[in-house]
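What follows is one chain in C-alpha cells, specifically the form predicted alone.
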Amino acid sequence: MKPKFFTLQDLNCKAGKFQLKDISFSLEARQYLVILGPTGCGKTVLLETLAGLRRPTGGKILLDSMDITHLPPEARRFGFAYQDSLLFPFLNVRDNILFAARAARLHTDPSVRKRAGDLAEAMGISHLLNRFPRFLSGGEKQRVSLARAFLMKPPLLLLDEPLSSLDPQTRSSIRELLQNLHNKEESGIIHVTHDFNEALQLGTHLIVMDDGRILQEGKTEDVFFQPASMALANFLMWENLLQGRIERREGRSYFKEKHGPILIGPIDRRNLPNQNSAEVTLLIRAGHLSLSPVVDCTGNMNMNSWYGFIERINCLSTHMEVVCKGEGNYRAVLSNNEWKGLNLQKGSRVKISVDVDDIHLIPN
C-alpha cells in the first residue's frame, strides 16, 4: 500500500499550561484538510508544530515517509499564511511575494518571476505590484500573503484563519480564490478556521478539535452531518434534538420520543447507531424540517410529523429562520420563496415534518 503523503503519529506538544495530546492523522497529496474547533482548542499550536515553529514533546511528523519531526522550518519548505498578513512594510507587493525566493537566492530566476506575476494575476493584484503594504486594503494584503505562500510550490500549505479578519464580501471572494488555486496547484493544504461555511466550502476532509485532542475526523460532509458524539453535535450547533429510544415494531426500527407522541421511521439499519443502545438522541438540521399550514389539529398525527405553532420569525439575508413550539421547540430554515408560498405568520398552526433519511441518531 502506498504510504500517505503527510502523517502525524501520536503528536504531543506543550505550550505553557496547554498541551496537544496524541494527535494522529494522515493527509493524501493535494487534499484540502480543514481543522475546526473552539478558541483555545489548540488549532494554531498544532499548525505551528507542523511548521517547525514549536518543538514536539512526543510523536512523529512524516512527509513522504521521511521523519521531519525535528527539522527546522526552512528545511520543511512549507508555505504559511497567518490571519494577519504579516507583510514587510519596507517591501512593495512584488518583493513581498518574492521574499521566499530571495531567501533561496532565486528571486532573479525568470521562471520564478514569471510565476510571481502569474500568481499576482490569479489573485487580482497584478496592478498593485509596485504599491507598499500601507496603501493596501485588508483583502489585498491577504491576497499578497497567499501569493507569497504559494510562490515556491510548497509541498504543504498551512493557513491559520487567513480570512477571519476580512469583511464578508472579501472573505467570500478569497474563499473562491483558494478553491481555484487548490484545483490548479499541487500543494496539499491544512487550513485552520472557526467558520463552518468556510470548512464546508473548502475542505475535502475535516478534523474537529477540542482541548488539544481530535474529537472526530473524516470527509467534511460526513463529520458535519454524522457527528459521533453529543459534544461534537453541540459544537456543530445541531438545532433540533429529541430524546427517545429505538423500538422494534413488526420487524422494523422506529424512534419513539421519550416524553411525547413523536414517532419517526421506519429507520434503515444503516442509519442506526453502531452501539447496541436503545436510548438515543435524534438530531435534525433546521434545513431538513419542513412546515405546512393546518386548519384542524385535532386529528391523528402522521408518522414523521407533529403539530406546533410559530413562535418567532427571523428574517435573515438569504433565508427565513422559523422557531416553532409544540411537543418541544424546533427551528426550521426555509428559502424566501418557500416562506412566501406558505402564507404563514407568528402564531400560525403548522405541521412540522422530517424525511426519515435526514435524521441522525447518537446513542446515549
Partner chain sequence: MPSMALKRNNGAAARDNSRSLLFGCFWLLFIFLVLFMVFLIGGLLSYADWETVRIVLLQKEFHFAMVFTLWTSVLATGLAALFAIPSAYVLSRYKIPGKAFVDTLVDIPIVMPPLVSGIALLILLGPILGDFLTRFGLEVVFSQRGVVVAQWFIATPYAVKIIKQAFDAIDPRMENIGRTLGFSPGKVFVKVTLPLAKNGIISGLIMTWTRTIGEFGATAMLAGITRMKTETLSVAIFLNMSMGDLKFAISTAIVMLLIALVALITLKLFLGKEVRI
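Keep in mind that what you see is a predicted model, and the values were worked out from it rather than measured. Positions refer to the first chain, counted from 1.
One more form of this protein exists, namely the form predicted together with its partner chain; it is left out here, but the text below deals with it.
Q.
Test of understanding: in the predicted bound form, would Leu53 fall inside 4.5 Å of its partner chain by heavy atoms?
A. Residue-level check for Leu53: yes, a contact with its partner chain.
Does any heavy atom of Glu257 come within 4.5 Å of a heavy atom of its partner chain in the predicted bound form?
Judged by the heavy-atom cut-off of 4.5 Å, Glu257 is well away from its partner chain in the predicted bound form.
* **Glu321 within 4.5 Å of its partner chain in the predicted bound form, heavy atoms** => Contact check for Glu321: no, nothing within 4.5 Å of its partner chain in the predicted bound form.
Considering non-hydrogen atoms and a 4.5 Å limit, does its partner chain approach Phe235 in the predicted bound form?
Phe235 lies outside the contact set for its partner chain.
- Within 4.5 Å of its partner chain in the predicted bound form, counting heavy atoms only, one of 175-183, 239-247, 218-226, 75-83 shows up; tell me which. Within 4.5 Å of the partner lies stretch 75-83.
- Item | Partner-contacting position among Leu206, Ile264, Ala116, Leu87 - heavy atom within 4.5 Å of its partner chain in the predicted bound form | Selected residue: Leu87.
Check your understanding: Among Arg105, His127, Lys153, Arg252, which has any heavy atom within 4.5 Å of its partner chain in the predicted bound form?
Key -> Only one listed residue qualifies here, and that residue is Arg105.
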